[in-house]
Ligand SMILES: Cc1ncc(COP(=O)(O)O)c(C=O)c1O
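Read the single chain below, which is given as structure tokens and is the form predicted on its own.
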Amino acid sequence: MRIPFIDLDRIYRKVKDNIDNAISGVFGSQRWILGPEVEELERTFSDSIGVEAAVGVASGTDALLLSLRAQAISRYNRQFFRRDEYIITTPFTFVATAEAIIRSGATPLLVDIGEDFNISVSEIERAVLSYKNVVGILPVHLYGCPADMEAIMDIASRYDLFVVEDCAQAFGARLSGRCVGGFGDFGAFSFFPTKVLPGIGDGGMIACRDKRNRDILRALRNHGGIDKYDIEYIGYNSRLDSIQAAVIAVYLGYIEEFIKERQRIAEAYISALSGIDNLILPKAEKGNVFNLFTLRLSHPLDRYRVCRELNARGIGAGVYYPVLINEMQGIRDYVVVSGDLNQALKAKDEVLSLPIFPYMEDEEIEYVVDTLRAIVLS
């Protein structure tokens, strides 16, 4: 049996007619960029998150970057941060998180993570007290599991910091009944095809609390101004395509089903794999949307050996993420580390992600479980 890490075609086939009709409508209108489909998606998206407004952009990375730029403009009345200003984030994430901070002009201040792989609240506060010029916090809801936003927002309030949430992997995740992306000043989302809410290429969305920031974001995504011949800011070409918005809107209509499917598979994995020595499983918390199902293989299990053997037997397992941000050769000179990163260092050597995607069949789940058990118990 061959089981891919994610089967995009299987998801598409479930909604094929609706997607084909949506795409056909865009071809009929010939309004390819920031058309009515984008405006409608922005309205629907903001309603689903529970925020004042949403702004479509070209990628999840741009969603992070434009959110930070908008903070510099609205909060400090300047277009970029300074290199001696710190934004606290996690070292255990995709490079886009730190990349956006650096491109906004600031310096990523990396702190350790907790058992759920998300940024440690206690380490955030320690960093705030240890460094001058901390201006903001950029938590990541890693693998679809919400970070402790209530505690993070409490710290932000006490120390007058802004918060931009990296929600790339966590559309639909909830904490105390609230959607991630609706806690901070901004929530940055990705529509990369492997995400919980997928698109058909790169695309992103920014959830924001007020219309002034919405207007700044709209200008930034459009070369820096509404009037293209008299721009207000140094901007970007980061407009969401109409055809992307039309497809994402279709998938958004099925999002509750997609999330329930991911949670069903995660619960099956957890139930079947519980009790195996040196196998540490994620918790089946209701707010987790399981963009990735990531477990840990502690010593003496060899994570890479297990991954290779799963792959050899047709199972698309993978490692997310094997290198910390501060270890990356192109970025390490632009970041600062606060304290030790013991938990992040441990996690990067132990994590392994199993296939999880809507409409996985029971026999596929059983094959993954049986194969993994055979490998780790041999």
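As the structure is a computational prediction, the values presented were derived from the model and not from experiment. In this text, residue numbers run from 1 along the sequence as written.
Omitted here: the form predicted in complex with this ligand. The next part is about that form.
- Not displayed here, this ligand is approached by Q169 to within 4.5 Å at the level of heavy atoms in the model of the complex.
- In the model of the complex, this ligand sits within 4.5 Å of a heavy atom of F94.
- Not displayed here, this ligand is kept clear of H223 by more than 4.5 Å at the level of heavy atoms in the model of the complex.
- In the model of the complex, this ligand lies within 4.5 Å of some heavy atom of V140.
- Contact check for T294, K348 and L354: none of the three has a heavy atom within 4.5 Å of this ligand in the model of the complex.
- Only one of the listed residues (S59, N326, Q343, S46) places a non-hydrogen atom within 4.5 angstroms of this ligand in the model of the complex, and that residue is S59.
- Of the residues R214, R303, K195, R239, just one reaches this ligand in the model of the complex with a heavy atom at 4.5 Å or closer; this is K195.
- Just one listed stretch, out of 273-281, 80-88, 195-203, 109-117, contacts this ligand in the model of the complex at the 4.5 Å heavy atom level, and that stretch is 195-203.
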